[in-house]
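The data below hold one chain only, encoded as structure tokens and taken in the form predicted alone.
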């Protein structure tokens, strides 16, 4: 039976809701509190008391919904009405000028674009988590993550706890646009992040790695009460509606943000309009200079064409709009101290020096070690144990030692001595003429064997479920196998002797090994770990020969004729299969029952790209495998290396040596946009 709530109580409750929402907006969005915290708490307690007495009053837009709800079991999937696209990136003024050229030509045509200036809207690129908020009849009904752009996760209950997100819109907006989608970034302010970590430390709990991880982890809590306890904030950056009147009412990005601000959404006050390449570059330089003074972490600047009609004209490519770009900051640097240099041995025998430092934050991530690559690099840097060094994260991802701070040397530093013997097996290290790397030539070297066994069972190879580096390490260290092929001869009794290995887990691993015996030929070739043979080259070999025996007996002259197999890879193949130990390992695989089935790749003979050979390089908006499948589905072929036979180089950011070689061989260089046009 529904509860009857007196009209006087309904009015009192409605007034309380309205006042609390107004005070929350003033505090969290406008940064100008209207009442004290204690006064706010009294009003909030009054609201909770009314809801306790009259549960029928509680609605989705009640301020009480910000405190969180009992744990859920999982997040359900949500389909975005419009895809949430990612952004293409630029790193230099020249790259932005190239983006601007494409925009002008897209709007005015190649012949009429010269001298035109585009009105851009620029805003800091927050390092947070992108979300979408769906308001139906003015009430926040669904909140979701970006996900893969088309489908995200429903985190509505968690997003309602973020106090700067409005729970309801104005009556005017609710009536005009019954469904409105607002997108923005949830982030954790730096001061709050530091305070949060301090509280975690005092409670003996691990710290959050950085504000972005803190925000993302907080929003993905199954218990929204935990999310409610986290200091999260929100900036809105776009709005969408299927209603045609929306596009005629708001005609620029700037107007959209003004509308959002009026509706109670916080928007970034560092955003502004500007015209032309030089002005944008100047604004980027200013933002870079002021980055360290901001209250939140940013990793660049987002630049958008301001006119929404021009945005529609430019459209988008597969996963990114043509009308916006992210201009990323150069890698952030930090100073720390080298505490040691450790030498590790890879599966190919190469010995790599790794600097271990006093942990330091670089671009929001704690860094404690970085590769020094080889002895020449150590000598070039003149690096010593105890040195103060400048660390950077190349591309904000890979830690790198940039330079030694010689002014801070006090004489206590120790020179780094490159070992003469392998750190793993004590065999003498060799350095071939013309190479920078030292190698251990001992095939039985434990470190190499661990690497080979792990690679053998990894993704791309046999992909053995339940098998990882820890198991590989135990098997080698306990001398339970001599080659990767010995995996298929392990008994359950042997597997059960491994650490943390229960009966069910051992059974699952044995079943995974049995399934792996049917692994396709191209994956087996990759799993063998032949120098230079990656997944693309392995597919090319399987396609050309069709059987393992033909590959084993292939001659150098024939191998170099295969698309994607250059002279170095061909030589490595011949040497690998001529080696007696490798021959014995292949026989062992056959003895285990492996059949090396060849999965014939479907060939398209009448596609838009038939007969064309492509090479893919650089950082693209999607994994390279996506473009490989796209090319092959339209009849093209993808090779691993550039040659005179190559027709096109699909190049993303940081294309490197392949781009230079393509220019030298006069190979046509294309981007994702051009590829999309070619397959239409």
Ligand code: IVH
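Since the model is a prediction, treat every value here as computed from it, not as a measurement. Residue numbers count along the first chain shown, from 1.
Quick note: we don't show the form predicted in complex with this ligand, though the next part is all about it.
- Interface membership of residue 317, defined by any non-hydrogen atom within 4.5 Å of this ligand in the predicted bound form, is ruled out.
- Contact check for residue 237: a non-hydrogen atom falls within 4.5 Å of this ligand in the predicted bound form.
- Looking at residue 146, you'd find a heavy atom of it within 4.5 angstroms of this ligand in the predicted bound form.
- Contact annotation for residue 266: none of its heavy atoms lies within 4.5 Å of this ligand in the predicted bound form.
- Segments offered: 469-477, 559-567, 498-506, 83-91. Contacting this ligand in the predicted bound form at heavy atom distances within 4.5 Å is 83-91.
- Of the candidates 124, 138, 152, 529, 124 is the one whose heavy atoms come within 4.5 Å of this ligand in the predicted bound form; the others do not.
- Only one of 130, 281, 190, 385 comes within 4.5 Å of this ligand in the predicted bound form through a heavy atom, and that residue is 130.
- Shown here without this ligand, the chain has no residue in 541-564 lying with a heavy atom within 4.5 Å of that partner in the predicted bound form.
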